[in-house]
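A single chain, nothing else alongside it, follows as structure tokens in the form predicted on its own.
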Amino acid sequence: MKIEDVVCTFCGCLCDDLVVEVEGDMVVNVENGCTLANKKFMGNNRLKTPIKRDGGNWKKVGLDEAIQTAAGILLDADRPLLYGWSGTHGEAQTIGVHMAELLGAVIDNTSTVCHGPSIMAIQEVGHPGCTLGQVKNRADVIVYWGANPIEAHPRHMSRYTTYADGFFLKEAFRERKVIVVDIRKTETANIADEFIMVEPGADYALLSALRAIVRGKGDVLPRTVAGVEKEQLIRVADICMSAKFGAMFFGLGLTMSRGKYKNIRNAIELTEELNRHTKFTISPMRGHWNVYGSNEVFTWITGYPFAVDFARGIAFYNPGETTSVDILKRGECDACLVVGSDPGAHFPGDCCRHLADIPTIQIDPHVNATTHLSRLQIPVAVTGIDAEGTAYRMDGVPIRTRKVIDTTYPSDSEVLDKIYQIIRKET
């Protein structure tokens, strides 16, 4: 059986045009998907049953026992941390926030180590953004800053930018100009009309130079800025100001380098300067398929997008204090629930050591680096394959995912709801 218009739940593009061929309870072929999508839909390395650490070994346990163990660990903790949430659907994220409130816990999502600085900058100066559909149909100048979509978001360029014909651009590849800014020549840079190689950690200076040129103050600049010739900066600024519609996309190369959220603020203010001459927008290249959704859900319920602390009985937000890496590095939390993410593969060593020292629970379909730090792992269905749920694309558009096969795995929301009900009875 072939199922059309399937949503891929891998990256923030949430491509919704996949054709998936199913035989029984297995996906046997995927059309229109990138290599990452094919790997996700056709992978077969999922954990079969819940596992619990028994001394130096693992033992299989039943689902009910695993849920009771998880609830007991969280109830016994004085300062639990609930982390992840970018790899699960919105309905599960909602349960997670309510659970954190009951426990007086900290709940944080993967924005804390990716686009948290973007959110902080947006909180200061706003977000002149738009949907990916607008970019596809209108944008004749595309800027990728600190992002490499060919490798990280393989279909972003073919669906929305460089190779995507739009309503007002019938031959996009010829009509669009692509500008790439990065510290090294990436695969994306190889197809750019203009590649700017900036010195590591010097993005803020480069953005400031472009702002000066756009404002007509380019004569004050030195011959080179951040390792880039002034002539090239003037040429790039002219391309941007001459655009009918421009769109800038930025990645972790901008958010996680020197300058952090100030880089993003500067980029947003550059976008505002360009809007004095033409129409320009700016958007983050969100990585996980529903990290935007976790920001949305957290904000609806608590008023804050990530790093929400309920220890005071009310929601409190202070990045640098209530963010996961800081809490783990200080050794504050005494239990951790990880949902739909893999901090063991991405957090600093000190944080991973603390996760290994405390009772850590993981809810995830696969064995990963965090498994080896955990005391309990509960496998669940994969949203978009054998579970359904709501997700938010990188531009903030909600998309409903559906399941294409039936399995015996419970969904994230089913497992979390059972844990939540036990905690609710005990608090």
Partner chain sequence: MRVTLETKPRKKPNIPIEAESIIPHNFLRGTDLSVYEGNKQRSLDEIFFITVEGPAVSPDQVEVILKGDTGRIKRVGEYMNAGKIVVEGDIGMHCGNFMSAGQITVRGNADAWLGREMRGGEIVCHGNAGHYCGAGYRGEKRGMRGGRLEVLGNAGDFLAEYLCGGEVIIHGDTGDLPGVEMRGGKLVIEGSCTRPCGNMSGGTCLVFGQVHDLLPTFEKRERTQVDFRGMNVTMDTYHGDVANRGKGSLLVRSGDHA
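As the structure is a prediction and not an experimental result, all values here were calculated from the model. Residue numbers count along the first chain shown, from 1.
Not on display, but discussed next: the form predicted in complex with its partner chain.
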| query | Do residue 227 and its partner chain share at least one heavy atom pair within 4.5 Å in the predicted bound form? | reply | no
| field | Contact of residue 316 with its partner chain in the predicted bound form (heavy atom, 4.5 Å) | value | yes
| query | Would residue 273 sit within 4.5 Å of its partner chain in the predicted bound form, counting heavy atoms only? | reply | yes
| query | Would residue 244 show up as a contact with its partner chain in the predicted bound form if we use heavy atoms at 4.5 Å? | reply | no
| query | Pick from 269, 296, 140, 91: which has a non-hydrogen atom within 4.5 Å of its partner chain in the predicted bound form? | reply | 269
| request: Answer with one of 262, 177, 98, 279: the residue that has a non-hydrogen atom within 4.5 Å of its partner chain in the predicted bound form. | output: 262
| query | Looking at its partner chain in the predicted bound form, is some heavy atom of each of 217, 222 and 331 within 4.5 Å of it? | reply | yes
| remark: Per contact check vs its partner chain in the predicted bound form (non-hydrogen atom within 4.5 angstroms), the hit among 165 to 173, 235 to 243, 304 to 312, 130 to 138 is 304 to 312
| request: Note that its partner chain is not shown here; using its position in the predicted bound form, name the residues of 203 to 222 with a heavy atom within 4.5 Å of it, in sequence order. | output: 204, 205, 208, 209, 211, 212, 215, 217, 220, 221, 222
